[in-house]
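So here's one chain in two forms, each on its own in structure tokens, numbered structure 1 and structure 2.
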Structure 1
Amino acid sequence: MTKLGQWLCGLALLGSAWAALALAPPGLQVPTPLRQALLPLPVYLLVAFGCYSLATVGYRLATFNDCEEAAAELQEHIRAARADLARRGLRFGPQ
């Protein structure tokens, strides 16, 4: 099963449990305070997931490593490609 399938399975499981409790089918008496807390729960979870996502992206951005060797190698490849193209007759504009 792919990761997407796992996430969708978990989401379906949580969603069905939430629907069973929040919609209160006949025969199931959910106390009013619990029902009032259950109804906005998906919105709270969505906001929490958004905050977690922003924090994760911010952390990864803050701890991103520069690759000096890879940058120098890429610049060398660019110079070699420009020299090859110039040898084949391509003219580059002013830079």
Structure 2
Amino acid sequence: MTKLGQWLCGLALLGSAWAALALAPPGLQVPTPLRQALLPLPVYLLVAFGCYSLATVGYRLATFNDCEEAAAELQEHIRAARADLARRGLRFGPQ
């Protein structure tokens, strides 16, 4: 089964469990505070996932490090390439 199929099966399982409890079929007594907390659960999970995504993006933005050696190496490559091409006759416009 593909990954998409697995995710859809999991979602269908959780969705039907939530619907079974939330739509109050006759013969099932759920205590009132629990039911009140259960009904908005899909929206809550969506908002929680959004908060997690935002926090991850923010954290990775704040802790992203410069790569000094890679930058210096890249500048060296550029310089060598320009010298090589100039030697072969390519004229460079204003930098």
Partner chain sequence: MATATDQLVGFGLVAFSLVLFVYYTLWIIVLPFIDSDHGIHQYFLAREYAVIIPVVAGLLLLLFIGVFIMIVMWKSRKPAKKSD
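Keep in mind that this is a model prediction, so the values were computed, not measured. Numbering for residues begins at 1 and runs along the sequence of structure 1.
The form predicted in complex with its partner chain appears here as structure 2; structure 1 is the other form of the chain.
When each C-alpha is placed with whichever rigid part superposes it better, Ala55 ends up alongside Arg91 in the two-part motion between the two structures. Two rigid parts make up the chain, and between the two structures the smaller of them rotates against the larger by 21 degrees on C-alpha superposition.
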